[in-house]
Every structure is written in structure tokens, then in C-alpha cells.
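Okay, so here's just one chain, in C-alpha cells, the form predicted alone.
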Amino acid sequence: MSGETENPGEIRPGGRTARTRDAVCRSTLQVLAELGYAELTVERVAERSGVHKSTIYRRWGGIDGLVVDALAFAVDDDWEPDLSGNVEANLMEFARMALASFADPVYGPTHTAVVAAAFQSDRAVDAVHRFFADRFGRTSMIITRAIENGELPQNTDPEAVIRALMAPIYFRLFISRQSVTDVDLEQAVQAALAAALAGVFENQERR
């Protein structure tokens, strides 16, 4: 391997470069899902993506670079939460969607593998942080709308409410390895909203 490693985020989008990144990132996520981080190799990604391993080394540097850019690729979409109902209904719909994404036979293993990768790579940790910051940031629109509508206190921290909602769900999925039922989702939503209404998630900067 020779030369300086490029920052994947600085690669000019469009055309052949965009197709190469798409193939490599998708292949990285697929290998992660099927085999896990320990079995993720440049050679496997090269074989599956059809991109020569020398190109992968030059642009991504190695496994950690692949994981970081694959996570950035995974959040590069225009998803936004549904804001058509009240705050309870919108949070419940989001919780169901999040759970479904982990249960999905295609995307579920990828999400699980990405979380597992964060325990084995410092760069993956940072990428996972950015991944969840992006998703929680978008989902916070539900809480922002609820504040505007008078459903929650004006000084509520939106992201704190979303973290409280998802924490028990992630605990069951990744720690206790238990199933998550609709009752569990309802309890998580109700607990997060009750805490918000009680002022637990007050953000002094929002006063």
C-alpha cells in the first residue's frame, strides 16, 4: 500500500466514484451483517463489490475506514419521522419502525453488526456516535413539534426524550437479548413522555 489515504467524505461524488463507493459500502455492510466485524476483510469486500483491493486500500485505508464510511453511507438518506399525529402516536410509530428495522431479515443483522463493531474499533465508536446522533437528531423533530403544540414543556430537551425512549428497547435487543413486544414499546413511550412532562429532561439552555 502506498501513498496517502484519502478521506472518503472528500471523494468527489457522482459518476464512477459514486458507483465505486456505493458498491464498496454496500458490500461492507453485507459482510458485517453476515460474518461480523472479526471476519470483515478488505479481500472479502473487494471480492463482493468487484472493486480491486488496491483501490479500497488507497481510498479507505483498511477495515476501520470501510466501517466508518459504510456508516456514513447508511445515514445518507432523506428519512424524516411522521409528524401527523400527537406526540404519543408519533413516538409509538417511530419505536415500531426502529424495532422493525432490527427484525428485518436484510437490514436487521447489519444494524446489529454495526453496534457490535463499536466494541472492537475506536474509529467505529466515533462512526456509531455520528450514526445515532443523526437518527436521534431527525427523530427529535417529533419532540420539537410537540413543544410547539404545547404537548410538552417549552424547555424539554428533545434528544434526551428520544434517548430515554430507545434505551429500554436497546437494552432488550442487545443486553438481555429478549424479544420486544408492542407492550414493551408502549411502556417505553409512556415512561419517556411521563418523565418529560415531569420536567426530568429540562434543558437549561432552552429557558
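In this text, the rigid core denotes the largest set of C-alpha atoms whose superposition between the two forms falls within 1.5 Å. What you are looking at is a predicted structure, and each value in this text was computed from that prediction instead of being measured. Start at 1 with the first residue shown and count on from there.
The following text describes the form predicted in complex with a further copy of the same chain, which does not appear among the structures shown.
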Exactly one stretch in 26-34, 168-176, 52-60, 148-156 has heavy atoms within 4.5 Å of a further copy of the same chain in the predicted bound form; which is it?
168-176
Here the chain is shown alone; which of 98, 74, 128, 87 has a heavy atom within 4.5 Å of a further copy of the same chain in the predicted bound form?
128
Using heavy atoms only and a 4.5 Å cut-off, decide whether all three of 18, 79 and 94 touch a further copy of the same chain in the predicted bound form.
no
Residue contact check: residue 103 to a further copy of the same chain in the predicted bound form, 4.5 Å heavy atom:
no
Is there any non-hydrogen atom of residue 83 lying within 4.5 Å of a further copy of the same chain in the predicted bound form?
no
Examine residue 163 and determine whether its closest non-hydrogen atom to a further copy of the same chain in the predicted bound form is within 4.5 angstroms.
yes
For the stretch 114-143, return the residues whose heavy atoms include at least one within 4.5 Å of a further copy of the same chain in the predicted bound form, in the order they occur.
115, 116, 118, 119, 120, 125, 128, 129, 132, 136
How about residue 143 - superposed on the rigid core, does its CA move between the shown form and the other one by 2 Å or more?
no
Which is it in the predicted bound form for the CA atoms of residue 64 and residue 116, closer or farther than here, knowing they shift by 3 Å or more?
closer
